[in-house]
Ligand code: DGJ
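Here we start with a single chain on its own, the form predicted on its own, put down as structure tokens.
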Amino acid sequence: MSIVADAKNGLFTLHTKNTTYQMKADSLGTLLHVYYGERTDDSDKSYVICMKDRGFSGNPYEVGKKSKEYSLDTLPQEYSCYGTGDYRISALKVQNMDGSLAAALRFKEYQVIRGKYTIQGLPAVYSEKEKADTLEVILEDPASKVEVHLLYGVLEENDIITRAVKIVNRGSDRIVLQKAASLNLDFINGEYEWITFYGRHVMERNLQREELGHGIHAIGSVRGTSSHQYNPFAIVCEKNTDEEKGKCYGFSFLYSGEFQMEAEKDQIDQTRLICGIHPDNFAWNLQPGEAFDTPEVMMTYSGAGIGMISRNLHRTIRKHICRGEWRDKRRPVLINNWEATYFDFSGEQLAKMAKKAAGLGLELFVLDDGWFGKRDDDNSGLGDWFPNEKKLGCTLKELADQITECGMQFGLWFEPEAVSEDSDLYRTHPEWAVVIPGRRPDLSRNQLILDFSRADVQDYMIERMSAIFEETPITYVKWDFNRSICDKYSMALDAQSQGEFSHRYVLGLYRVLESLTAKFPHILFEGCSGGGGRFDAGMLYYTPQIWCSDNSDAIARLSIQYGTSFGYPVSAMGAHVSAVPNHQTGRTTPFATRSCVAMAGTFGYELDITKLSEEEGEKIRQQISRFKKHYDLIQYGEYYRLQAPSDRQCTVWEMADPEGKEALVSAVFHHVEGNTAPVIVRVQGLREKACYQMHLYMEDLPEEAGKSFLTHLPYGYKEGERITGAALRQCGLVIPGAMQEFQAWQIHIAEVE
């Protein structure tokens, strides 16, 4: 077992392959956090907790008059409470029936369970029973009889520990949870920074690194979703930590709704991290005997830099969060019609595109917005999920049959959570819209939100989408959501329960997704929210890939995909080759550059393929062939960030075979310079003593420049030349210089005997 419980001394130690986590119930029953870091032994490390009489830090009544050193305001805790002497940010805030806001948790009991716990109605890391363990520690507030069950899941081989909380009202009166975080982690000492990922629509997950100085630092979302603006993932690290060295901790929240991550450095230089549902629009009623489950947080520690944090999370997401037959099955190379046609298309036009695409080796045709209801723009029809046969010129099944007869699979775009005022669904069920009675609603993209907190709305959407899936040969669904939620109010909840709306909405969304993915396991679901507005580990439990951003410009995508890579694997990032000039930025980039960047994701195309030349068509064939050849390496390899988009010259990344047999290094130059300094990167993940040969893929190289360039290749590219893994790591790999604006290179490195 990876969990060692010393009941006599109240000591609990969790071990993964490279890390140790320890907590201790003290003589008062307070569950103290003791240690999280590099793997060590089971001995009691609570001696590092220093107690001292601190002015204005009060003492629990139970410790008596002679123990002024004992204060909840300074002790490192596993789950802190508001209102009873700890003045720092807290994990739990309970309103009791008498109006008081107080809870004081004391250790009650524990159990160790073989296998990983699950959470009813919520996504959670899963594992084979013999490869994971669970520790459940039960705390109790003696006054109110509120129980808090702290759940710890340990995936030893993955260096992952998960955290979740179940709160049970064992008292005789109703209570209201005003805050119920999933994670409380206290760092007893150290100077820390944290890395968070901010953004906006079409520019998501920009890296920001800040010192965690005294005071409260916070990111979060009150938009109903995890949002474009802040991602529910953060890294806490010591100063000077980089990709390959330094101590750091990664925290990923498996939740697709409103969240908050807070960090506070306190009066004695301890740092506390809190993560959970955002409390601003949260007030959950718990009647006697009822329980509330918080979403899960996945955490990992690395003493070898940030890159290891990412690789730990990537492996876990791919194998222990993503589910179903599409978790490991090769996903098809798709073409989406959106940027080719927008709303203006006919069935005949779509069939023509599909036929041309099939001839070039594409495997899946995706019909985007505009195929249903009265939907020729974004002002009407949303919610009326009935094919517009007049617009298509045939039934949806007939169109799908035409496309599948070409040898392609067929997919559809949906936005199930929204509704147009000009729609039959809204006219029939205005009470299903999220609006506040007596107020005019806030519109976004000319649409309202459907109340997914309601069971009847959930049931309707399951029935309507199931009918389409059963009638039509569909193998792919793009699940979109194109606005933030405000005017939060449900006609199905009473006034006392409106604070439950936002979380109930997410639970409803998960119920619909769980039902549809279980019922139609052959369908590949791709998540989307105006691109990356709901890119989180919670959605990946239902949709194994997410459209990374509505911005498909290759140069902008360098930053977007770079930021995304810190917490999420390549196999989760939806990425397409689009037309130039790009529709979002107006930038023109070489075809090879667009394909190179899109290959750092699930790979597909989004352009009018009927307008491409024969030469461009041949390039698509080559790109698809290369992607398929290196599919396993790209999708399942170990990811290394070799040079960041913030570098003056170029961005470089690498996918390495887990066994070190091969690697694919990709580089994209940001611009062309004269007389440039060489770009040399240290290749990671290869076998030190093995020998390797390299193959340089060259596309879009001007003919004359190409002839000149081929006679000046750096060492290691010439036919038959060999170089060791040690040399590539220690001395580096020379990236060929840029021969044109936004030049891209892909270099395949393969072991030879």
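Every value quoted in this text rests on a predicted model; they were computed, and no experiment measured them. When you see a residue number, it is the position in the sequence shown, counting from 1.
Just so you know, the form predicted together with the named molecule exists too; it's not on screen, but the next bit is about it.
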property: Residue contact check: Arg445 to the named molecule in the predicted bound form, 4.5 Å heavy atom; result: yes
property: 4.5 Å heavy atom contact, Arg205 to the named molecule in the predicted bound form; result: no
property: Contact label in the predicted bound form: Gly531 to the named molecule, heavy atom within 4.5 Å; result: yes
property: Contact test in the predicted bound form: Trp547 vs the named molecule, heavy atoms, 4.5 Å; result: yes
property: Heavy atom within 4.5 Å of the named molecule in the predicted bound form - residue from Asp368, Asp384, Asp266, Asp293; result: Asp368
property: Option touching the named molecule, based on a heavy atom within 4.5 Å in the predicted bound form, out of Phe501, Tyr542, Phe410, Trp413; result: Trp413
property: Region of this chain that lies against the named molecule in the predicted bound form, out of 478-486, 677-685, 458-466, 347-355 [heavy atom, 4.5 Å]; result: 478-486
property: Neighbours of the named molecule in the predicted bound form among 330-350 [non-hydrogen atom within 4.5 angstroms]; result: Trp338
